[in-house]
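First comes one chain, alone, set out as structure tokens in the form predicted on its own.
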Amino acid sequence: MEQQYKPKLLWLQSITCNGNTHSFLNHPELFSILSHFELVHHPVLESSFCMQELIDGILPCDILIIEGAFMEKGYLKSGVEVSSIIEHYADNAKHIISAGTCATFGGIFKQKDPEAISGFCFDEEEKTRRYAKYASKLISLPGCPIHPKWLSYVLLMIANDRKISLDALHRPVELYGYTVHTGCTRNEYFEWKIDAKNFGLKEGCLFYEQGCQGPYTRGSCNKILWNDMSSKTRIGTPCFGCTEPTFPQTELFHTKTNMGIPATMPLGIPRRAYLTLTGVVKSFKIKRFSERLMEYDR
């Protein structure tokens, strides 16, 4: 019986904290997903080829996953520029996945040397010199770290030869077509403009006073839950906006306002519409939302 061909999967790291690797290892169906591929090389998992063979440039590669920020010169492994290793395999790969915000936009590590460090094909929102060469096979998966099921979605779509719709930054629309605000369990508080006064509370929206980036951030954290059960906003922590090219921002836990109005409107909301609706809402006092949930209606 003829053996089915498995796409050859190569995972390379540049400047990274290993966060995306560890996140993916937490996938509850990790080995089932990997069974669809031949794991050519991975920095942590047992795979077909060793580091020296990787550096020698002899490995086959259908799908290249890049983890970590990118530096043109000066970041070496075994005396070889990591940038040249990654570009060698990117030339031959059919699909390139930038896993995490560092590999996609530069992320946290870009803060160390903003002029020299970037993502693989994007430097924040700007295209790098590599973009034109690799754009046709690039899929961006920003996140700090990525949700393991975002990566498994992309891998299984590729394994099944399915087309993935992408936005202008090459993020899958299925995963990044809406904001983190979508699906947030605190949306009633957002609509009635009632803010949480501290982190960790069950009550209140985290946007108006606590700096939540959910209304500005594309991602599915409140639809595809972490550990199948939770998200930052569900436990009372503001969204950090980690899937956007502007991450990391300063003053994370502060919502900048002008005369009590958010300086930046939620994504896609005209200022006039926002002011009209919030003006009407503030004229009402909703008793259920102004009391502790566990104490109301006792």
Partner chain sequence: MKIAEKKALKRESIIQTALQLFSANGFHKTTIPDIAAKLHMSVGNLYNYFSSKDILAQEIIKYTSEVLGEEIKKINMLDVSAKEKIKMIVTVYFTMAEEKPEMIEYFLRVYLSNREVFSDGCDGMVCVSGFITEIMIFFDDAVSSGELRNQDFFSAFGLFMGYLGGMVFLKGEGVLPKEIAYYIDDISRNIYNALKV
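Every value quoted in this text rests on a predicted model; they were computed, and no experiment measured them. Residue numbers count along the first chain shown, from 1.
Keep in mind that the form predicted in complex with its partner chain is not shown, yet the notes after this line are about it.
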Checklist line | Contact test in the predicted complex: M259 vs its partner chain, heavy atoms, 4.5 Å | finding: yes
* Can any non-hydrogen atom of T276 be found within 4.5 angstroms of its partner chain in the predicted complex? -> yes
- prompt: For V280, is any heavy atom within 4.5 Å of its partner chain in the predicted complex, or not?
  reply: yes
For its partner chain in the predicted complex, the stretch among 265 to 273, 232 to 240, 55 to 63, 27 to 35 with residues bearing a heavy atom within 4.5 Å is 265 to 273
